[in-house]
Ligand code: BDR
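In the block that follows, a single chain appears as structure tokens, in the form predicted alone.
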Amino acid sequence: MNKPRIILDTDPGIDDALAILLALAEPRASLEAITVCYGNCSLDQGVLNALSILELAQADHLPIARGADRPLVQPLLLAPETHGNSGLGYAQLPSPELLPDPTPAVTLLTERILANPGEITVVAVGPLTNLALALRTEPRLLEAIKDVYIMGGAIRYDGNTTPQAEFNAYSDPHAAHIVFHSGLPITLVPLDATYQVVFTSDDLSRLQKLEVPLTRFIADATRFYMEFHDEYQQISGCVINDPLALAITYLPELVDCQELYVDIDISGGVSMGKTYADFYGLLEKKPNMQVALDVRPREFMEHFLERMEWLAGSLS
């Protein structure tokens, strides 16, 4: 398998930060740029978070581009109750000295992908506004993007924002609708898979054996996330959705996928943002994506912990 060349499109909250760190720690993947949008926190805060995380990981070579600050149609929705006011839980990183790339996210996506046709994989772990705007701006991207991995949606799983809708999908369902129906080669990683991946207090204790700034950051960020999961979802630990979507770009065997026709409700009402799949072919439409429905959670978690231990050791 060729090393995926990745642009990570993200709304840097807690599990987004872990996905960035995993991408930096993994030799089988090449993280080439980060594009940021609103979501878990505001766009301005998300850009600051991304810059601070790169400084923490001593990765000041990567461009970070500002993207959308609001959804296409829906009102803006942020998630301080889940990720804290800063988006990074209890973690307090120094104000970054790095500056964002002056190129807007849509332009960066477009230029990088068209300059490397068939080589760039987009991993989108926030609302899909940036990618939808890029597709609307430059239709040639449809033929130039290698793959798209999306963390979002809930197929046979309850929603985590409304009873039916997952946060990223609900935040901008109209953008998701554009991307889902674009014809791009998509792998969707919904809550059905990610909610099997729980970062536990034992996992955290293992990382804390390395007393370095990186592991202190992970501890402070995930402590807030664990408190949220315990109070609101009765989960002991915290679900780290976004690193899983990143990991399967180079470890596809971590998940079991099914080719399905998937759509998203943009009609309004109680099912707004609900993603649904046609398992029985009732709509007589061809599958438009692969959907990860099952995962080997401890195999993934062992991989994640090993890479964080390596990264922490390399920075100490």
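Heads up: residue numbers just count along the shown sequence, starting at 1. Owing to the predicted nature of the structure, the values given are computational and were not obtained by experimental measurement.
Keep in mind that the form predicted together with the ligand is not shown, yet the notes after this line are about it.
Picking from 112 to 120, 163 to 171, 135 to 143, 209 to 217 the stretch near the ligand in the predicted complex, with a 4.5 Å limit on heavy atoms, gives 163 to 171.
The closest non-hydrogen atom of residue 40 lies within 4.5 Å of the ligand in the predicted complex. Contact check for residue 226: every heavy atom lies farther than 4.5 Å from the ligand in the predicted complex.
The ligand is not drawn, but in the predicted complex it has a heavy atom within 4.5 Å of residue 151. Mapping the unseen interface onto this chain, residue 125 counts among the residues with a heavy atom inside 4.5 Å of the ligand in the predicted complex.
Though the ligand is absent from this view, in the predicted complex it lies within 4.5 Å of a heavy atom of just one residue from 197, 91, 191, 108, which is 191. Residues 241, 242 are the members of 241 to 258 with a non-hydrogen atom no more than 4.5 angstroms from the ligand in the predicted complex.
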